[in-house]
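Okay, here we've got a single chain as structure tokens, the form predicted on its own, with questions on binding and movement later.
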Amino acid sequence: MVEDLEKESDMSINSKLKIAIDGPAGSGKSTVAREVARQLNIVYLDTGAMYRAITLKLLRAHCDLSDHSQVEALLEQTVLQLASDERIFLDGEDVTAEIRKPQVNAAVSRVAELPVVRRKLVRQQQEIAAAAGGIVMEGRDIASTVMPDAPFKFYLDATLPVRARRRMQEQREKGLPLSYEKVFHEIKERDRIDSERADSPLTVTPGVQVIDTTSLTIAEVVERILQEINPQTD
């Protein structure tokens, strides 16, 4: 269903790094994870994009999410391709921009809580991690489920108002002028669904370092993570 993400890797110790970054919407995890991967020259994987692509597929098919056999049948007919430049292809179509639109935002948590979807994608994410060597993987269940043995595990968080403002700004930069109130309530509801789902809920597992990004810049968060990975980093 998923073609492995590929990236040239040197033969340094970085090629063996496994870094898990979890957190709720608007915590900064995608931007931080991307930059950490860039500085370490290893693979970056946004698992949320995979769930978004599946959500788009199910929305287009007008799939009844309560019909798990229908969902599973559609998954078996789905091909995801993840490019090293972060583009994502759904059945050969570049849907990188489409999966960030409001209709997908509104439905992705409901799709992501389906066990049949999680089983498929978690297995593929683990295969990607094994093939990639060094990887920074971010999502909501990376430390708890996808890469529980990763030596470096982080959970980024921020206050709900700050996360809502960040997400609102992201949407406006993409030409989607959503109100603060709408974004606030969408994120609050997504937090509830992600935290309460029975299968791989959003949670802080033992051994995970929590970083409150509320008053930190992206560069400061990246530096904290790099210092944890390599205390000798200047």
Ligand code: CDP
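Note that the structure is a prediction, hence the values are computed from the model and not measured. From 1 onward, residues are counted along the sequence shown.
Only in words, not in the display: the form predicted together with the ligand, which the text now covers.
A.B. asks: Report whether the minimum heavy atom distance between R118 and the ligand in the predicted complex is within 4.5 Å.
C.D. replies: Flag for R118 set to yes.
A.B. asks: Within 4.5 Å, heavy atoms only: does V108 come near the ligand in the predicted complex?
C.D. replies: Yes, V108 is a contact residue.
A.B. asks: Give a yes/no on whether R87 approaches the ligand to within 4.5 Å in the predicted complex, heavy atoms considered.
C.D. replies: The answer is no: R87 has no heavy atom within 4.5 Å of the ligand.
A.B. asks: Is there any non-hydrogen atom of R100 lying within 4.5 Å of the ligand in the predicted complex?
C.D. replies: Contact check for R100: yes, within 4.5 Å of the ligand in the predicted complex.
A.B. asks: Would all three of G48, R52 and R197 be in contact with the ligand in the predicted complex, where contact means some heavy atom lies within 4.5 Å?
C.D. replies: All three within 4.5 Å in the predicted complex.
A.B. asks: Within 4.5 angstroms, counting heavy atoms, which one of the listed stretches 150-158, 90-98, 72-80, 137-145 is next to the ligand in the predicted complex?
C.D. replies: Comparing against the ligand in the predicted complex, the contact stretch is 137-145.
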